[in-house]
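Next up: just one chain, as structure tokens, the form predicted alone.
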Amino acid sequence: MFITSSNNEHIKEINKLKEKKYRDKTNTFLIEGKHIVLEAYKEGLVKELILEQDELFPLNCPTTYVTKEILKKLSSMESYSKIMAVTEKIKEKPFGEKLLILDDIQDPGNMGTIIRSACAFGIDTIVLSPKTVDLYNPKVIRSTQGMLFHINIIVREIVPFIKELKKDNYKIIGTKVTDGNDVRSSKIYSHYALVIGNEGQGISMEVKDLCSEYLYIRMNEQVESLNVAVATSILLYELYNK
């Protein structure tokens, strides 16, 4: 199929996926770029491939060819991609032994970086609070470089979820800038959940009260704190290499 008009009804429906409410309604989202599309395709999530006219990208799925103008309309970037796809949202799986809980992370770039680090350093499942930035925000997707398709990600109310984890003998590990245990000398646990707080407020007080212990990163005293994605990456690296 080749579509030349941006007023085409099918194109209008795809364009609506830029908004969260339509992503939630259709359980689909729009991705851009060859690498990210390939990562989604590996997991069987691509519903429709969208290519610029004459672009060659032979995947075994329904394909729609469009004009450069339509791709520019659909794109969320200043420099549009010639390869896009409508993709199914990721299906939840049972969570594992090593969890990362994100308590209201708001910045899409931070979220994407954290997902990549979680994949790199052995996290089984990422748990998002309902107020965490939308996983399918285009900036989050780009920041993950496709890694969101290769890790289990679930959304839960954090407090009741942590309470259930504690019943199953998971260690709930919080973070503090100065207090707590140096992550380099922390204990090794077979089942744990590392909780990372909001960029501005940190971990909520209710969640703090549920933590079994706290970790901190030893650093130059002249530096007050680290970016949340950087700090999370360091913590995950240290825990992974114990």
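All figures in this text were calculated on a predicted structure; none of them were measured in a lab. Just count from 1 along the sequence shown to find any residue number.
The next section is about a form of this same protein that is not shown, the form predicted together with another copy of the chain.
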*Report the residue, out of Leu210, Val46, Ile36, Ile217, that has at least one non-hydrogen atom within 4.5 angstroms of another copy of the chain in the predicted bound form.*
Ile217
*asked:* Looking at Lys166, Lys139, Lys131, Lys89 here, can you tell me which has any non-hydrogen atom within 4.5 angstroms of another copy of the chain in the predicted bound form?
replied: Lys139
_Given the stretches 179-187, 202-210, 54-62, 23-31, which is the single one in contact with another copy of the chain in the predicted bound form, using a heavy atom cutoff of 4.5 Å?_
179-187
*Quick one: in the predicted bound form, does every one of Val223, Leu226 and Val230 get a heavy atom within 4.5 Å of another copy of the chain?*
yes
_Although the partner isn't part of this model, could you tell me whether Leu135 comes within 4.5 Å of another copy of the chain in the predicted bound form, counting any heavy atom of the residue?_
no
*May I ask you to state whether Phe121 is within 4.5 Å of another copy of the chain in the predicted bound form, using heavy atom distances?*
yes
*Does Arg116 reach another copy of the chain in the predicted bound form if we count a contact as any heavy atom within 4.5 Å?*
yes
*Using a 4.5 Å heavy atom cut-off, state whether Asn241 contacts another copy of the chain in the predicted bound form.*
yes
